[in-house]
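Single chain ahead, written as structure tokens, the form predicted on its own.
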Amino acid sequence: MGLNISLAPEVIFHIGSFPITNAFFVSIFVTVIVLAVFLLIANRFQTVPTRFQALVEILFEEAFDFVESIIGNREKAKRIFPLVFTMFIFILFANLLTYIPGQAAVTLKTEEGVMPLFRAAMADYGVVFMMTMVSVILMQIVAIAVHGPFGYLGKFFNFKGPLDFFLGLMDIVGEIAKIVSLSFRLFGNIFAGEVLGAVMLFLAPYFIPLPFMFLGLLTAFVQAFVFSVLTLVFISMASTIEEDELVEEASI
């Protein structure tokens, strides 16, 4: 049996004209599991915490303190923490799910042939791109709310001078680069790890792939952390009022 590596996820069935791929199926599966776990934890919280509850509370407190240390404002941290922490947990669970043994044996027989039911959700650029767009659109909404519509547009279309106009155009390029930076970093690392693991298992299916699997586990955590932290930093930057804006407000 040969090694089959596909950049695009396989379509397992359709809902009307909407294709459901194995990577999208895994993302829905992870969403349901994460929601079920956190609802179960929330319903079992007690006034006198158990050891497990105390561990969960410490995890949340440390994560919130980290977000607050980057944002620098507790009220802002309260607003952005749910999104950033949810992104981290979702990406981490989706990445770790691929390391559960026996997934390759679960297949479906379709008109196009036999295909795996499970595929790493973050190895599908469509899933990663949609998460990236949620982050980038939220950044623009925050920037508009903080700077106002005209202040937001003035950042990109500044006609005070040739240099200001050029820097504005560079800001537009920078916003587009955020999409590429966020999405390709996560997708590229997870897909490369999936391919490397498959190749090692195909060539030497016993002990040699173990170091690569441990490296993949580390990458699963690091990439979840990097994506969520970059989203946090970009939103923090969008909500920051620059010195020249403070000077303009003071002069009014």
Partner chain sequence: MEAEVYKYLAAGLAIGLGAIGSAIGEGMIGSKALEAIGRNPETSGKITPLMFVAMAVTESTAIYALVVALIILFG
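Treat the numbers as computed from the prediction; the structure is a model and nothing was measured. Residue numbers count along the first chain shown, from 1.
Another form exists, predicted together with the partner chain; not displayed. Remarks below refer to it.
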{"item": "One residue of 163, 100, 180, 153 in contact with the partner chain, assessed in the predicted bound form (non-hydrogen atom, 4.5 angstroms)", "value": "180"}
{"item": "Contact flag, residue 215 vs the partner chain in the predicted bound form, heavy atom cut 4.5 Å", "value": "no"}
{"item": "Proximity of residue 200 to the partner chain in the predicted bound form, heavy atoms at 4.5 Å", "value": "no"}
{"item": "Contact label in the predicted bound form: residue 225 to the partner chain, heavy atom within 4.5 Å", "value": "yes"}
{"item": "The partner chain contact in the predicted bound form: residue 238, any heavy atom under 4.5 Å", "value": "no"}
{"item": "Residues in 172-188 with any heavy atom within 4.5 Å of the partner chain in the predicted bound form", "value": "177, 180, 181, 184, 185, 187, 188"}
